[in-house]
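Shown next as structure tokens: one chain only, the form predicted alone.
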Amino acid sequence: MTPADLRRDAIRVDLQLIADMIDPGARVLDVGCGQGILLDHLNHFKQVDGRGIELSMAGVRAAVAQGLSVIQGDADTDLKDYPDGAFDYVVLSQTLQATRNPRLVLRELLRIGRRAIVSFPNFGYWRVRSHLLLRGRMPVTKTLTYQWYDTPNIHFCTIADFTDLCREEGVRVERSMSLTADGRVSHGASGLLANWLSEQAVFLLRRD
């Protein structure tokens, strides 16, 4: 197995789905990029012109150490500094629920990017519902890993909530995918069944 194969195998399933939605050579901004795992993958496999912003200085340092173009920034306050249409794709992976104003952040993603790719944990997942129903406590799962008292997540949502928000904002869902807890991928993240069975979802969006 080549080093490139190892790099591809190491990436999370949801990040691979995001990468597959991005055209080669595209201009990409990864918002909340962490240590730059997705950007590094896109550089090697899609030869993108990639940029990242990350709130954590530890994440910024780790990304820059890999030669990635990443700066410290906050999705809630710093996206306004980017010009309209500056990127082909703006990615917000597993971060929407940690923003103070998700609606405004979504608007900004689609102002500065021709398309936005958003992924998030689905609070409507059946294991989350059953945990609340049977145990009466906030759930801790593979995608919701924090205890209630130390979580950065402040705006949990379900797939149904997010699709409603897109409809209210006049945002077109070009493509959506959902993932089960065992990593199985379903092409389509809409309807009651997806909202019930999906642990997380990935949406490719654009303005109408």
Partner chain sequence: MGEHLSKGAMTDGQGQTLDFATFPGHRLVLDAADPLPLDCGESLSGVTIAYQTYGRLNAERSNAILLCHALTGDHYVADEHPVTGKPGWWADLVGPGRIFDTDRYFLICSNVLGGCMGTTGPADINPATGRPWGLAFPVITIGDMVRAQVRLIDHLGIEKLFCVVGGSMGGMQALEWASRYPERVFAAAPIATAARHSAQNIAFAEVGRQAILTDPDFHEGDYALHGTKPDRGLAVARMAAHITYLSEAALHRKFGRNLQGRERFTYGFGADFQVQSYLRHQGSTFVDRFDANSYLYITRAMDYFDLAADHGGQLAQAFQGTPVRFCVISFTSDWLFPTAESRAVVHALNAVAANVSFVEIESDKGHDAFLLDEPEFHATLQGFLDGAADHRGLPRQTDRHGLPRQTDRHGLPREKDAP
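Numbering follows the first chain given and starts at 1. Note that this is a predicted model, so its numbers are computed, not measured.
There is another form of this protein, the form predicted in complex with its partner chain, and it is not shown here; the text below is about that form.
- Contact check at 4.5 Å (heavy atoms) against its partner chain in the predicted bound form: none of Arg172, Ser176 and Gly191 pass.
- The closest non-hydrogen atom of Ala181 lies beyond 4.5 Å of its partner chain in the predicted bound form.
- By the criterion of a heavy atom within 4.5 Å, Asp161 is excluded from the residues contacting its partner chain in the predicted bound form.
- Not displayed here, its partner chain is approached by Val70 to within 4.5 Å at the level of heavy atoms in the predicted bound form.
- Contact annotation for Asp78: at least one heavy atom lies within 4.5 Å of its partner chain in the predicted bound form.
- Checking Leu104, Ala98, Ala86, Leu132 against its partner chain in the predicted bound form, a heavy atom within 4.5 Å turns up for just one residue: Ala86.
- Of all the residues from 46 to 62, those having a non-hydrogen atom no more than 4.5 Å from its partner chain in the predicted bound form are Asp49, Arg51, Met57, Val60, Arg61.
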